[in-house]
Structure formats: structure tokens, C-alpha cells
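Only one chain is shown below, in C-alpha cells, and it's the form predicted on its own.
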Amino acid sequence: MTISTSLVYLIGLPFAGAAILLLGGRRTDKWGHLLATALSGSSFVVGVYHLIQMVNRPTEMRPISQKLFEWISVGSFNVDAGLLLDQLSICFVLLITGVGTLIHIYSIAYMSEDRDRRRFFAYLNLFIAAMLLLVLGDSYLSLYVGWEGVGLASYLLIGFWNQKPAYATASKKAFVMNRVGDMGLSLAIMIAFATMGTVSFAGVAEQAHHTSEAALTAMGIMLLVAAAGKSAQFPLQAWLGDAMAGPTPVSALIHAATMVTAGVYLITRSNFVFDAAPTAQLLVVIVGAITLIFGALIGTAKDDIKKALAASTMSQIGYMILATGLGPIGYAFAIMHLITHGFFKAGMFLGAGSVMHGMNDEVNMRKYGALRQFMPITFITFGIGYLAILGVPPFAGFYSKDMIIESAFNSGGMQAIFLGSLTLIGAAITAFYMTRVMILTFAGTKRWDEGVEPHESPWLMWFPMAVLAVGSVTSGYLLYHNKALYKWLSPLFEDHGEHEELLKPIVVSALALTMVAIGVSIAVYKYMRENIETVAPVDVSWITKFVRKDLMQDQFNEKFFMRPGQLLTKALVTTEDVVVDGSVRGVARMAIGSGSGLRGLQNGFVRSYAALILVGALTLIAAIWVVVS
């Protein structure tokens, strides 16, 4: 492993931008957005430079590290604050800074009328810096700092318009649910320290072969809890839909390309833990499988365009989590889908923002219709993302999602057919609700309110959408061709040999495209008509009502976690008040009562003192008499 002295610039540039804009205040309003965009772009350039250098080095010399300073030194436990750039982290660095810079450019126009635009860009830079620290840290502790930094930045961005109570509530909900997941990461770090004496990735990887399976299983489960919180996976997925309250560029940055993929990174980075803990690995598969169906079902009933895309994100991250649970056969394909998803989903979120920009911030798709005539660039770029997420060849999702479906079928054992079938069902549901989004937004006849005048967005908004659309077309093939990404990442994962091929790739592709065609056909049949109501019908089946309420996830959390938590808190408060504080107060009352009683004897009257002396003398005489006699 070689040493680099320039990794700090990757994080330092956007962090410096955040510091300048936050500390500079209103004095930086006129040019703050330009500085933030330039620094994010500069970080991307540094990342490209490191990629070129990495490609030109032998495989074993590609990872580079940098020690920043001695962080913790207690007895035999020593942790250095350091950075690690290898084949996995460089993928995330380029995605974070590349897509992040495009979102910065988009935001220049999107937030142009907001008086706090400078603060918004400061938060964007802070988020980029924290996310880079998360993927560049060389230990679980360094990762944890970035992990919490991302949580803080997302809280600030989701609640950016916190003058609206609903937005403030959404940011708090995201923050609290992420903290639940963060407890998992904290406990995983403690387990690593207690059982292995180290928290560095290299140290844990080395010690994993000498650590009990029980300890590794416990650590793996805690890492999964952390991943579920950050990546909105079951059962910690309820925050993602409400997080759409923030400005649309936030949705593209956090909920498409970066933050929600942190859980995928964590599990992939911890491959040495999960490969040695089959039970934890199985739980990863189960969580991913549940979430990909869960999110897809929710997406079928959303009329809010951003919430429909958020449900889609939840489902697609479910595909990635499932793939990581398949072990070495799935790690590279999870990252491939993560990268392609970053392009097409960020593009669609920006497209949703473009639609809102031209529709007076209206988010209800039932009040859209026929926008392809008024917003042709948005229609084309959004449509490319739509074809990519469906997995239509030659668009990016065809390569990445099909590889996950193929890996599920070829995972071996009795689970293979079941998992493969679930991924195909998810593909069909995805095709249905995404076609529904396309039809309600861009097809049919206009259904918007009077006074609304749809129009195309300025070039600063559609240019990033166009670049992302190009990535949505090309990225899948480039990563898939000649197994490019698989070969790039394979040195980081332990090779378990060849896997049994249950279905040929051509068969998997045919099945996936058939399911996509079924989903598209149902959506076209249901929604390609002239009488789409601008208000969702109330007289619907109980299943539709159930799905509209997000499968009752909030109600479940309230009944089984929030209310019992309140009762537990009240019980603890009562116990503390009665037992702990009550004991202290009881001792105090006894002391006060005793003092009050004795104080009555010290009244200052001579006759009282004489009486006491007489009583004492008589008592003494009586005692002597008893002893003598």
C-alpha cells in the first residue's frame, strides 16, 4: 500500500467551502454559490486525478493511505485518524463529487430566488465533505465521524425551509430514525474493539479469521441495523418519504446518489465480516428482499412525484442490499447498480424539480398531464431515466439490475428461486409505477389549475439533467463490458470460486423484460385515458388504502415503538422520582425533622436548662443506685 499526501484535498476543498460560507455570513451572498460549486468541482477533478494514477499502478499497489494524526492512544489501543483510497472508495468519490457538482450547478438556478441560497450551498458543501470522509476513512471510527456528519448535513438540508412546521417535522423524523441506526454502528465498533482489539478495516479483516462466529454475527447484525437506518431499509425506512420536504436538489443528492447508498458501502466495505457470519449475511438478504417489494408497492399509490421517486429509491436500494447479502457473487453488482442508479435517479429527481419549477411548485401528478409538449428537454431526460430504471436495453439499468437478478437466481440453495422470483416481481411493479409517473406527468391532456403556465427550465437546470441522462445511457455498458467493474473490485473481496449457474443470462434478461412489459402494459391500460381525476378517489379497496398509508409503517412504529417508549420513559421518570430522588428526599426530611426536634431543646430559657440538669442528675443518681445495689 502506497502513501499519498493529497487525499486530504478531496475532503478539505468542500469543507473549506462550507466553513467560508457559514462563517462569512451575508458578505458571501453574491458569490457563495459559485465558490461552493467550484470547490465541489475541484474535488471531482482531484478524484479523477487519483483514478488515473490508480489505473496506472499495479493491482497490489492501487490502494493508497494517508495518516493524518494520532487520534486515540490508550494503553494497547491506538487509532490513527487516516484516509484510505482504494478501488471501492474511488467509485464513491467520483459519484459523490461528480453528481454532487452537477446538483450544485442545478441549484444555482433552482435556488436563485431564495434569500438563503448561500446557506443552502454551505450545507451542500458540508454534506459532500462529510460523505467523502465516510467513504475515505480507514477505520470504523473515521467512518463514524463522516456517518454522523452526513446525518447532521441531511438534517439541515431536509429542514432547510424549517419555517414550515411540516418540513421541520420531516427533518426531525429523519434525524431520529437515523440515530436509531447509528446505535447499531456504535455497538458494532464496540464489538470490534472488545473482541479484536482494533477498529481499522485492515485490522478487523485480519482478525476476522481468528474471531468467533458469534461475535462476527453480532457485529454483522449491528452493521446491518446501521445500514438500514441510513439507506432507508426495513424496518427503518419510514423517514425517506417525508424527507422529500426539502428542496428538490437535496432529494437528488441525498436520496438518489449519496447518503442512502452509505449502507450499501458499509456492508460492502465490511465484506470480511459478513462472509464469515452466514446468519448476518442471510439477514442482509432478507432485509433487502423485503424492502425492494415494500418500496415498490408504496410507489404504486403515490400522487406526489417526489414521493413516488423516493419509494422507488427505497426499492432500488433494496436490490443493492440484497446483492451485498449474496456475498462475493453480488458485491460488485451491488456497486454497479449503485453507480447507474446514481445517474438515472438523480436525473429523475432533478427532472421532478424541473417539472415543479414550471408548474408553480405543484407536486401532485394528477394536476399535470401533457407536459411533454411544454417541457421537451425535461421529458426526454426524465424519459431516459425511466427507461434506465426499467432495465430496457441498452440503458444503464438493464446491465446492473439484470446482474442482480441473475445473481439472485444463481445464489445456490433453496433460496435461489425464491429470491430470483422476488427480484422479477419487483421489476414488474417498478415498471408499473414508473410508467404511471410518466403517463400522469407527460402524457394525456392537461389537468393543471388556471393560471399555471408550464415552461422549460433554464439551461443551468437542464444541462445537469442532460449530463445525467448520458450517464443513464452509457454507464451500465461501460461498467459491464468485459466485466470491467467486477475485475476492478475483485481484489478487495475473497474469491469463493465459481457459482452454479441456474439460469443463463439470456434467460434472465428475457424473464426480466417480460415482467417489465407486463408492468408497463397494466399501467398503460389503467392510466392512458382522458378521465384522470385531479383528486385521488376516496372510494377504493382496503388494499389501496393500506398502500396509500405506506403499508402502515408509521402506525406500526407508533404502536410498537413510540408509545411503549413513552410508557417506558414515564416509568423510568417515575422510578427515579419515587425511588432515587425519593430516598434522597426522605433522608433529608429525617435530618430536618430530627434537627427541628432537637432545636426545641435549645430555647434559651434558664428554667428549661435547669430542669434538664435536674433530670440528668436524677437519671445519673438512679443509674448509680442500680449499679451499687
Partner chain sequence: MMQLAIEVGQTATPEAVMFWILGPLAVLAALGMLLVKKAVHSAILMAFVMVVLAVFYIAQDAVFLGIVQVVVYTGAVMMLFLFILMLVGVDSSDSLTETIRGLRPIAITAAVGFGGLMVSLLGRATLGRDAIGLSAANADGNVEGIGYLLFSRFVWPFEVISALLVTAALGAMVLAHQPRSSKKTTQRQQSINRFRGESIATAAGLPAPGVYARHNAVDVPALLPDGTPAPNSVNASLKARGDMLDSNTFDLKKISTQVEEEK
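By rigid core we mean the largest C-alpha set that fits within 1.5 Å across both forms. For clarity, every value in this text was computed on a predicted model and none was experimentally measured. Numbering follows the first chain given and starts at 1.
The next section is about a form of this same protein that is not shown, the form predicted in complex with the partner chain.
Each of S608, L618 and A622 places at least one heavy atom within 4.5 Å of the partner chain in the model of the complex. For L23, no non-hydrogen atom is located within 4.5 Å of the partner chain in the model of the complex, even though that partner is not displayed. After superposition on the rigid core, displacement of the C-alpha of A610 between the shown form and the other one amounts to 2 Å or more. In this overlay on the rigid core, I621 has a C-alpha that sits 2 Å or more away from its partner position between the shown form and the other one.
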